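The form predicted alone is given below as one chain in structure tokens.
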């Protein structure tokens, strides 16, 4: 295929085509014989990118800037909405902002290239007015207020504030009503100009799509513009937790809790850090999964219920274990959870347990390739990394017991905090 390279994984029996424009804009085409086609543009700019360095100067955005910009991206120069154009061609479009990046996507059964033109046109330029920005503030403020009324959202948000002193993860993706009030038209133009450069963006499409036509259309919008991504600056974050206990009152039937254990972060999101995350997630699943002794025994005692969850999250310069659930015996759950982790450091899993857990994780990973929407979301984000989902699944298969033990033994359970939403009317 002209100008495209192919990457194939024989284990998965999957392949994709990829290339890069002279501007640095990355394109991934995943051939699938689906009735519905999918496309996503991803920008490596998320809620964590608050402070950054450019031309030896330090700049700072109000919290929620990336999310605010996402809201304004589909506004045309004449004030019309690009969503109306998607409707005209039968496209179902949406967007999202995460801690790490922003995605703009659509799905359709017909008129794929017409919809692709709408998408790429929308994200290749921006148009703001003072009036439209002020109007959007009211809309986003309502969205923020809605989430602030959610106990399940607050218990997780408060855990971040308990674990971290000043890392951007303490801020909600959408910011606060106060922080977005500081955003101006000039703020959004600066965010777009500095971060929405082709070298910091990618396009992923999935379906029965002609790759050369995708390349031609992408080149029309992103083939010439130059620029490099500025460096995001993260504050120095102590290894200890900010606050051991964070309690908030709300109207809940039963207390909600999130237990967090702060872990050592990785400066680079590369394959080595991904292997570590995979190893630690396997260990956490073995200790706390629904088939584990911990879960079965404590469920039988009434300490746990169906809301119980345990996992590991790792992102830009932050990493922690999360153990969450509902019930009034959260202190006992926390003590038992720490005890279970420390016990497995000494009395490690058997090879049979590890093999079984890896097989279960592998089977779950395969489901990614059954969903065009999931594939484009994941692979568009992978374009910003030094590895992709093929590499990640291969790493899962190759993970050794020694790597799992090393990852588990790196966990310092003294760096533990708990967020609680308890019954109340405040």
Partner chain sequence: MNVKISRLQEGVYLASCKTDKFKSAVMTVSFAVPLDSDTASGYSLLTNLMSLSTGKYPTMQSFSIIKDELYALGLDAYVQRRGELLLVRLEINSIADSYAFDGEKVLYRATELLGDAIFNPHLENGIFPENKVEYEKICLIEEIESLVENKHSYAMLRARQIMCPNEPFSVDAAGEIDKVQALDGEKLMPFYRNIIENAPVFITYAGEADFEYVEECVKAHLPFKKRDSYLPDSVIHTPKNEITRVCEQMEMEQSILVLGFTTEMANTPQKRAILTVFDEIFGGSPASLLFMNVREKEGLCYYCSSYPAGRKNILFVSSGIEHGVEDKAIESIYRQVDTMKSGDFTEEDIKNAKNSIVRSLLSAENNLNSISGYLLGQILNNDSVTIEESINLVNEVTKDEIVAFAQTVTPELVYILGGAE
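Predicted, not measured: the structure shown is a model, and the values here were computed from it. Numbering follows the first chain given and starts at 1.
Missing here is the form predicted in complex with the partner chain; even so, the following discussion is about that form.
The three marked residues, 83, 296 and 299, each reach the partner chain in the predicted bound form, with a heavy atom inside 4.5 Å. Screening 200-208, 214-222, 179-187, 301-309 for residues having heavy atoms within 4.5 Å of the partner chain in the predicted bound form returns a single hit, 301-309. Contact between residue 61 and the partner chain in the predicted bound form is not found at the 4.5 Å heavy atom cutoff. Though the partner is left out of this view, residue 45 does not reach within 4.5 Å of the partner chain in the predicted bound form, counting heavy atoms only.
Not displayed here, the partner chain is kept clear of residue 239 by more than 4.5 Å at the level of heavy atoms in the predicted bound form. Although the partner is absent from this view, residue 34 contacts the partner chain in the predicted bound form, with a non-hydrogen atom inside 4.5 angstroms. Put simply, of 101, 314, 292, 160 only one has a heavy atom within 4.5 Å of the partner chain in the predicted bound form, and it is 292.
Residue in contact with the partner chain in the predicted bound form (any heavy atom within 4.5 Å), chosen from 265, 230, 227, 90: 90. In the predicted bound form, 11, 12, 13, 14 are the residues of 10-24 with at least one heavy atom within 4.5 Å of the partner chain, listed from first to last.
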